[in-house]
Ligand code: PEP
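The chain below stands alone, shown as structure tokens; this is the form predicted alone.
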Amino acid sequence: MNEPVVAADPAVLAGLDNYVNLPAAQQPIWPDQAAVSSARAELSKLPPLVFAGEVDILRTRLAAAAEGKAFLLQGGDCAETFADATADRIRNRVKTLLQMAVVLTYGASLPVIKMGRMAGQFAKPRSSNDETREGVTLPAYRGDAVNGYDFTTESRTANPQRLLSAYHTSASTLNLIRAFTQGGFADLRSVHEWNSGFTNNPANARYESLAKEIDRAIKFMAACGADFDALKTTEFYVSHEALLFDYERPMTRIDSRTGTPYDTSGHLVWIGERTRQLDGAHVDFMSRIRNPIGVKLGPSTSTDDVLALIDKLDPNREPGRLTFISRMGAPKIREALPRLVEAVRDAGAKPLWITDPMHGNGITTKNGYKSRRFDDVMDEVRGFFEVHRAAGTVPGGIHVELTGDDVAECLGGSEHIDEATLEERYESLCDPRLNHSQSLELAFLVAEALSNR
């Protein structure tokens, strides 16, 4: 029997579009408004990328993480590109996240929610609208959903047809992710075997004992008759920063079961540090959709800001609805985060707290590369756990920019990547990412912190 279709409430639709009356930060300047309208109209007719039922399941998973009964691993590219949406590169990112999740599951003795920063992360906020090179000024690169990276007038002109390319690339990426995670690629035994290649490297010998413990646990499960067929598949969710209204609004649909709006561009969408203004368009729009919502919080965030964001985005204090993603920087996290965590705790709210140890630790090397030091990333993660341990609250996850490829963009780690190595293997068009080996090293170190929490 077919479900009845619930007609869209005009008041709900009017609320969704209230954002047009508010200041909207970080929006591109489209030279052809008719082309934008055409692209939006086409997007609004295309099938959803994710479904309301999936989003609802994720909300329950995140609610468990906020209670300390699960742990969120969220990771992927700083900015996805159309050119890199190949089967091999998508597989490598998924593989890296699966490998990390096995280690974290063992270390935490908790289910790990796997979430890609994938299938939608095609737009980036920028500190300036323009970029100047050798006396030539052109629009800044705002991600493949807006314009191209090549420094030419044609490439840098915002093109709304790219919104449609972002949709189709996201659809093909999701298709592969679902195939990998539901078709046996995620088999627990295989994922653990992949990690053996990492620990067999003499540089990573310190992690071998933990890997052996996991190996013994898997052998014990097998001896007890564990149903490994049930462990060949896994849930995998996708997320991105909901930056572009000309993409997110057409992808927002009214659920036929309940008459409520879901942004079907991703399971979880987040608001960035540059767009979380309480009276701004992004916070208003996100307050009206049913998806789980993330908000990035930098070191300048006030306790009043955090409490007001809760009231606006999660007025009913719904478990799993709101995730705070702290991005303080290693030198500041132990000073800036406690007052926020304590204020939220004392107000009786229970959002999910996770750490983004990447964005607050950017540096520019002497040879001109944007980079991050692996030790700074880990120091911020440790600080995150220390703050929550002291406050009696739950450190619920990590949010990491990573790739499954053998790039060299972040300094340090067991590979001892230095500035000279950056010149050989630097590929990112925006921010530096942990490579495959550094991502696994991070997972082993976080697993140690989780086992001691």
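Here the structure is a predicted model, which is why all the values come from computation and not from measurement. Sequential numbering from 1, following the sequence displayed.
We do not show the form predicted together with phosphoenolpyruvate (PEP), though everything after this point is about it.
- Only one of Lys95, Arg327, His192, Arg321 comes within 4.5 Å of phosphoenolpyruvate (PEP) in the predicted bound form through a heavy atom, and that residue is Arg327.
- Residue Arg117 is the only one of Arg142, Lys114, His282, Arg117 with a heavy atom lying within 4.5 Å of phosphoenolpyruvate (PEP) in the predicted bound form.
- Looking at 148-156, 251-259, 103-111, 122-130, the stretch with residues near phosphoenolpyruvate (PEP) in the predicted bound form, meaning non-hydrogen atoms within 4.5 angstroms, turns out to be 122-130.
- In the predicted bound form, phosphoenolpyruvate (PEP) lies farther than 4.5 Å from every heavy atom of Asp263.
- A residue is said to contact a partner when one of its heavy atoms sits within 4.5 Å of a partner heavy atom; Glu380 fails this definition for phosphoenolpyruvate (PEP) in the predicted bound form, lying far away.
- Although the partner is absent here, Glu401 lies within 4.5 Å of phosphoenolpyruvate (PEP) in the predicted bound form, judged by heavy atoms.
- Contact check for Asp246: every heavy atom lies farther than 4.5 Å from phosphoenolpyruvate (PEP) in the predicted bound form.
- Along 418-450, a single residue, Asp431, places a heavy atom within 4.5 Å of phosphoenolpyruvate (PEP) in the predicted bound form.
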